[in-house]
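Consider the single chain below, provided in structure tokens and representing the form predicted alone.
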Amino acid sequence: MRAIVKNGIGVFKPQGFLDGNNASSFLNLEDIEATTNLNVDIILVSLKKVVFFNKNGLDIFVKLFTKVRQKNSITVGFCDYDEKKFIAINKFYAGELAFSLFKSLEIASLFSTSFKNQQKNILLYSDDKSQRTAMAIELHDYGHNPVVATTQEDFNEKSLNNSAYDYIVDYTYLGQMGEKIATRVTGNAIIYTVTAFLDAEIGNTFNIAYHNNSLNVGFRLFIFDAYKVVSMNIHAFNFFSKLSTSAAEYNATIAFVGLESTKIPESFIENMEDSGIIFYNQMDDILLNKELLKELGASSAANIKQKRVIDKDMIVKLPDFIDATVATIEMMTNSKALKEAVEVSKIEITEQEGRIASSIGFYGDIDGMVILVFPSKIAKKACELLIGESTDDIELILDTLAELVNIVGGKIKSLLFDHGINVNITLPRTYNSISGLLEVVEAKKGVQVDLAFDDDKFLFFLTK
């Protein structure tokens, strides 16, 4: 099948049914590679004329997308679908969408280099906050004027005035922009959701590498949302007890919320409490208690048995990490960065007043973490686009800053993927004081890059 190429986008248009038996007859690697030679930056498969598809059919296309991404830094994915198809694709690839989804070819064109600097007014919404942030950043970078709706109600209300917008973007997903692993973060607490009967399988389904890297980044409170747990056996009990014991090495806390005492043996509750696990009836008992949340999630010096050191693999990839960070901050602040110093050492922050920070971890073929230290002025300026106005609300700034750093992490992941290096990323951890950050990274050695945005100092630190 030959692609229709227009404005830097190559589109393949299969028809009828897509399943494991016939999808390969519509598209092959040679078709896509021939299209990449036509100076395109987006390759899409249109679902407009597809009557039915299943995961086996889409998998054939997705595997081709992966091979293309490894050779070329281009966007790949699907377009021209309705809400029902969008939901189905998300269910097929829950948490593992490494490709993009555009509701229409028109929406896809907004993210094409051939459509840059046209200053279109765009209303956008996604129920995924990281996606809202990613789209706003990309559209702003492409010279448009995005207006972000933060809730479905807000979107519905703004949509009524459709004459105010050139385009309305919803049911769209930018692939390679972050990592979503059945968790969420609130107030620097990682929240896991567990359901049904918990047994030995929890050891297989729980992403221990992700959890350990979240500890390394600086998270200290892990909450298990257990409202829908019906019971657990001795194998699950042993798993959580060991998890709590290992968390204690970092002075971290494991908490369960909504686990009814009638559902598990009383001895389990007592022994889990002895291992350091705490129990709450309602999530609001923690999340609405700001003092408790701050106390349980506070950074504290970690008693780590084996210190991790930066290695050659990370040094080689340092330019990619810096490029991803600088490009994002430059675009958000409309200013250019100057590199002032690069040094391999422990982190050194000479001016701590008026500074906030965030860290994000990555793990896989290589692992480590990136730490960014912002002057408040830069943080506020960078977050202004996403908030929609200037604010001095530190919690709102930190929350928005976390989304910004999540985008940086997604860009790092994408850059590494283009070099054949596969990593996952943790959720970002924020610090409203430098002292809290230093407690986490005090003994870590890494590469520190001092940057200046205009007259404002900005610090980048890469470590393990």
Partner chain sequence: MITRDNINDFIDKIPPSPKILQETIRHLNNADLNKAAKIATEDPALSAFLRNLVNKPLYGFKQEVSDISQIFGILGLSGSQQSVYNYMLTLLSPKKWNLFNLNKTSFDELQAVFSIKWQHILEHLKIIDRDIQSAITLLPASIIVSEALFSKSKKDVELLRSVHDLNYNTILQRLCDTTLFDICIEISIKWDMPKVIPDIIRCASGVNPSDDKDINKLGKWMHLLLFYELSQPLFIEAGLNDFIEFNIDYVEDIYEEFLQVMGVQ
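Positions refer to the first chain, counted from 1. All of these numbers come straight from a predicted model, not from anything done at the bench.
Form predicted in complex with the partner chain: not shown, discussed below.
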Can any non-hydrogen atom of residue 32 be found within 4.5 angstroms of the partner chain in the predicted bound form?
-> no
Flag residue 444 as yes or no: does it have a non-hydrogen atom within 4.5 angstroms of any non-hydrogen atom of the partner chain in the predicted bound form?
-> no
Do residue 407 and the partner chain share at least one heavy atom pair within 4.5 Å in the predicted bound form?
-> yes
Report whether the minimum heavy atom distance between residue 50 and the partner chain in the predicted bound form is within 4.5 Å.
-> yes
Select from the listed residues 334, 193, 104, 113 the one whose heavy atoms reach within 4.5 Å of the partner chain in the predicted bound form.
-> 334
Just one of 330, 128, 273, 249 has a heavy atom within 4.5 angstroms of the partner chain in the predicted bound form, so which one?
-> 330
Of the candidate stretches 287-295, 357-365, 378-386, 137-145, the one with residues having heavy atoms within 4.5 Å of the partner chain in the predicted bound form is 378-386
Each of 91, 429 and 430 near the partner chain in the predicted bound form, meaning some heavy atom within 4.5 Å?
-> no
Within 263-278, which residues have a heavy atom closer than or equal to 4.5 Å from the partner chain in the predicted bound form?
-> none
